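Presented as structure tokens, the chain that follows is alone, the form predicted alone.
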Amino acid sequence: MSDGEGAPGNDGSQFDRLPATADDREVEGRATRAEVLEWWETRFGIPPETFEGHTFWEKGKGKLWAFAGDLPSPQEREGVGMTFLRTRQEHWKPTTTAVRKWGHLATENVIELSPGEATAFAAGHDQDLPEWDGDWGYLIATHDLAGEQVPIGVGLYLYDELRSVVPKGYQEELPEL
């Protein structure tokens, strides 16, 4: 697919591997592997080595997928790996799936919720949390489970409020411990 002027364009019917760097970018606006790795490290402190052996793919505008392996590009499939990150918007947003897989490695922008807060968050409820003194924006919400902080999902923190953006299919009742 092209943009009408001969340059390649985004084709929402297929998966295209992200280019390694901006110098390799052919589709305007497409994130690069280097940008994605830098974003995870800067936003959440998750080191780039975490994603060694994974390839990143875009299907649609800004819907990124992570795949533990390599495939030729493009791929005309329904899915390649797992949903991973939303780009091509003002603030990039990690998916709940990605946060549940790699969020335990995060050292930045992690909000540890009390049992009551965690229960409300996991059920999809927004809540006032003025005591958070970290960055605004997307955070990894965690709760204590057997002495370890375990990711619940992604929250959006704005104006002293933590908004649960846990998709309905992931919302759950947490057991009281």
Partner chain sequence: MNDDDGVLDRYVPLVDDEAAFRAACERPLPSVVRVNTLAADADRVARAFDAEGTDYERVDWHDGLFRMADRSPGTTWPYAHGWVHGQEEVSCLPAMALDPDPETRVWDTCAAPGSKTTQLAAMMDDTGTLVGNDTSLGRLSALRHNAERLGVTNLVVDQQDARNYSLNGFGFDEFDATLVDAPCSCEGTIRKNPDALEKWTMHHVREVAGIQKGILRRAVQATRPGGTVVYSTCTFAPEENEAVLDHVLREEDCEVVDWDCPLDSVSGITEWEGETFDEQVTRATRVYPHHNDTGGFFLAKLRVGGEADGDEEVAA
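Numbering follows the first chain given and starts at 1. Bear in mind the structure is a predicted one, so any value in this text is a computation, not a measurement.
Another form, the form predicted together with its partner chain, is not on view; read the next lines as being about it.
Peer 1: If the criterion is a non-hydrogen atom within 4.5 angstroms, does every one of His91, Ile111 and Leu156 touch its partner chain in the predicted complex?
Peer 2: No: no residue has a heavy atom within 4.5 Å of the partner.
Peer 1: Of these, Arg30, His54, Arg43, Arg33, which has a heavy atom no more than 4.5 Å from its partner chain in the predicted complex?
Peer 2: Answer to the contact question: His54.
Peer 1: Look up in the predicted complex whether Leu71 has a non-hydrogen atom within 4.5 angstroms of its partner chain, and give yes or no.
Peer 2: Taking the distances in the predicted complex, the answer for Leu71 is yes, it comes within 4.5 Å of its partner chain.
Peer 1: Quick one: does Gly103 come within 4.5 Å of its partner chain in the predicted complex, counting heavy atoms only?
Peer 2: Gly103: no contact with its partner chain in the predicted complex.
Peer 1: Is there a heavy atom of Val150 no more than 4.5 Å from a heavy atom of its partner chain in the predicted complex?
Peer 2: Close contact exists here: in the predicted complex, Val150 approaches its partner chain to within 4.5 Å, heavy atoms only.
Peer 1: May I ask you to state whether Leu145 is within 4.5 Å of its partner chain in the predicted complex, using heavy atom distances?
Peer 2: Yes, Leu145 lies within 4.5 Å of its partner chain in the predicted complex.
Peer 1: Which of 128-136, 35-43, 22-30, 60-68 has heavy atoms within 4.5 Å of its partner chain in the predicted complex?
Peer 2: The contacting stretch is 60-68.
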